[in-house]
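A lone chain, given as structure tokens: the form predicted alone.
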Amino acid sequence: MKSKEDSWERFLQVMEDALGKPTFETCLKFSILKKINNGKAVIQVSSAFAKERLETKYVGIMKDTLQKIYDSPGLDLALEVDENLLPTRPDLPEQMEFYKQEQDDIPENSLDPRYTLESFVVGNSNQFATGAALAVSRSPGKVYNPLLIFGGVGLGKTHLMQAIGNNVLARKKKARVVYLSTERFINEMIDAMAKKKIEKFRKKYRTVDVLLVDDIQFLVNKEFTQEEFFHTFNELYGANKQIVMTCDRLPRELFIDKRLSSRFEWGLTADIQEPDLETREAILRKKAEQKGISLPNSVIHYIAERVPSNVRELEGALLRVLAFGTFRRQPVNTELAQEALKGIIPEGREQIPTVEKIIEKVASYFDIKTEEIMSDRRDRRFAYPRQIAMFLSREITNLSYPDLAKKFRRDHTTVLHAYEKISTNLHDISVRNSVDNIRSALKVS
């Protein structure tokens, strides 16, 4: 019978194979298993960054691996931070020292070096956005300023945006490049106000050469932050400094300050769509090559067919298959891939969402309440999402117009009008993008 120490070492070995050496050394190398009891495992990691990155991308594969190694089906997982886990020795990886610094002291060009234009797989779904990113990285502040990349979750927006930053630094090492999420911008601004350091905060972001801001949709309902970002945008734009943003929808759909949303559209807006089968296969092949693994074409095709939309899900499925092979000590073939992915994605996609679930997802997407979709309010902020919900309910559930009218507490002619209006406007990229993103969230094709 294996000891707990042997099992933990086995877990770390599997995760190193699954995550790749750079991510493993940054996020898990110095971790410890604090405890396993009452159906829950607690792992302590060495930095807040490691915790956030693992929770965002790898917690699923970590749970699966723990459940198998410790023979505990249904085992849950929680991550904690303990910076004392970092060793104090000369060979400490440079990136680990970086994560121990205070947030105010973090180097401004803190980009993930793996996100490059060379490692980004180009297909029909992202060709336009990739071309724009390349042009911006070669002449920052001179073409397509600002550049806004929009599309659904997990399609590569962050990769492409960080690739711009890395390409700029490769050409000009002393360029001041800042990458951050909108959430971090908000949190830093609040912290600066509390500590009376708002001028230091402003200087930090208004004196850069390239500002890369992820997920600007989180500016919705943050009026003071919108004001601050508005002035930051103006300062940089006026100085011909490059601004790049990502968003899950077009600015005009965000219901933020009109001055701000109009500025977001001053430059170029480039969308990323769901990848086709050929592109998904190319992505899987590239990911496997990066890990030094050669996969049979049959395995690549099988995984690509099972994950039809989200690149992040695609990578997660690949990691699961590779970890399964490592754990079983078996070569990766189609049979093993089938077993590894058994019951993972298709079952969820085959379930037809209810009208209530569709309304919930639409409300979440447009950042409003479900009651507001069901209300009689006619201003566009509520009327447009309501029409989208009616359209998707008709498309997905195939309920009759009278049945849908009962669900929405409307006359059936209202539902028919909404369906026809959205159908007619699907050629509009913003309408199509909203519909596709919500379909993806509902896991229906």
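Source: prediction; values computed, not measured. Numbering starts at 1 and follows the sequence shown.
Keep in mind that the form predicted together with adenosine-5'-diphosphate is not shown, yet the notes after this line are about it.
Does any heavy atom of Ile352 come within 4.5 Å of a heavy atom of adenosine-5'-diphosphate in the model of the complex?
Ile352: no, not in contact with adenosine-5'-diphosphate in the model of the complex.
With heavy atoms only and a cut-off of 4.5 Å, decide whether Arg410 touches adenosine-5'-diphosphate in the model of the complex.
Taking the distances in the model of the complex, the answer for Arg410 is no, it never comes within 4.5 Å of adenosine-5'-diphosphate.
Heavy atom to heavy atom, is Glu315 within 4.5 Å of adenosine-5'-diphosphate in the model of the complex?
Although adenosine-5'-diphosphate is absent here, Glu315 would touch it in the model of the complex, with heavy atoms inside 4.5 Å.
Do His159 and adenosine-5'-diphosphate come within 4.5 Å of each other in the model of the complex, heavy atoms counted?
Contact with adenosine-5'-diphosphate, yes.
Check Phe120, Asn126 and Val311: does every one of them have a heavy atom within 4.5 Å of adenosine-5'-diphosphate in the model of the complex?
Yes, each of Phe120, Asn126 and Val311 comes within 4.5 Å of adenosine-5'-diphosphate in the model of the complex.
Would you point out which of 199 to 207, 112 to 120, 294 to 302, 220 to 228 contains residues with a non-hydrogen atom within 4.5 Å of adenosine-5'-diphosphate in the model of the complex?
Careful reading of the contacts points to 112 to 120.
Here the chain is shown alone; which of Ile358, Leu211, Ile283, Val307 has a heavy atom within 4.5 Å of adenosine-5'-diphosphate in the model of the complex?
Looking at the other structure, the residue within range turns out to be Ile283.
The unique member of Lys241, Lys287, Arg263, Arg320 whose heavy atoms fall within 4.5 Å of adenosine-5'-diphosphate in the model of the complex
Selected option: Lys287.
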